[in-house]
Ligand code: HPA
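What follows is a single chain, given as structure tokens, in the form predicted alone.
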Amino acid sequence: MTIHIGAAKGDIAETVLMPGDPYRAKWAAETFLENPKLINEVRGMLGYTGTWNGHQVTIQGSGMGMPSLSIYANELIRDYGAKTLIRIGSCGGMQDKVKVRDVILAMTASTVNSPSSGIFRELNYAPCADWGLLQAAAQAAAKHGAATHIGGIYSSDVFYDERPDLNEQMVRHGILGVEMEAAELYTLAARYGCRALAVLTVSDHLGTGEALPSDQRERSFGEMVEIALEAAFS
């Protein structure tokens, strides 16, 4: 048991999927895992452990933003022995070729600031995904016939962004989409020698303003969860 995770030793698997929304963790666990067991509800941040195709899997909510994810990822790795951490979440599309409902596999994650920035000081560290996970996820996405994009994303440290000039530069430099957690997850995985990947569903588009209706989100997000699970155990 840690400050933020009430699970006992052995309750958390080495493979952890991390949606931001705790209720998405509940939905994913009940939909995709066999015999899911609630192992954490401290501060309402739900976590479940069950099995998928015979493999033990934990699905733990991370909250919104890099500071929140950093808390859970640190405790999962340091105190519970997590080895593979895959973020499953939504993002905003930034390129014209990226459409709502598409899947983005984040090869790299740029950011202005993260909880780890103080460690690097003047260094602009480049957080990246685990190559084996990225490759396996690409193969799984192709098998599912998912419209998939692989490349760089932007992990923003604010939700209500007022920097249109920065967004213009992200688009200019090929950034596929924007979310709020992956850069810190990739940095922590590198620090502790773990595997990490972000598998993201495009829920809205910054350029067109199109957004996925709420009643269609679960169906679209299911494909993302399947890709993440298949990648983890390929």
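Note that residue numbering begins at 1 and tracks the sequence as displayed. Because the structure is predicted, anything quoted here is derived from the model rather than measured.
The same protein also has a form predicted together with this ligand, omitted here; what follows describes it.
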- prompt: Would residue 115 sit within 4.5 Å of this ligand in the predicted bound form, counting heavy atoms only?
  reply: no
query: At the 4.5 Å heavy atom threshold, is residue 103 in contact with this ligand in the predicted bound form?
result: no
query: Taking the shortest heavy atom distance, is residue 92 within 4.5 Å of this ligand in the predicted bound form?
result: yes
message: Please determine whether residue 203 contacts this ligand in the predicted bound form, using a 4.5 Å cut-off between heavy atoms.
response: yes
- prompt: Can you pick the one in 189, 180, 28, 69 that has a heavy atom within 4.5 Å of this ligand in the predicted bound form?
  reply: 180
query: Among 172 to 180, 51 to 59, 35 to 43, 189 to 197, which stretch has residues whose heavy atoms lie within 4.5 Å of this ligand in the predicted bound form?
result: 172 to 180
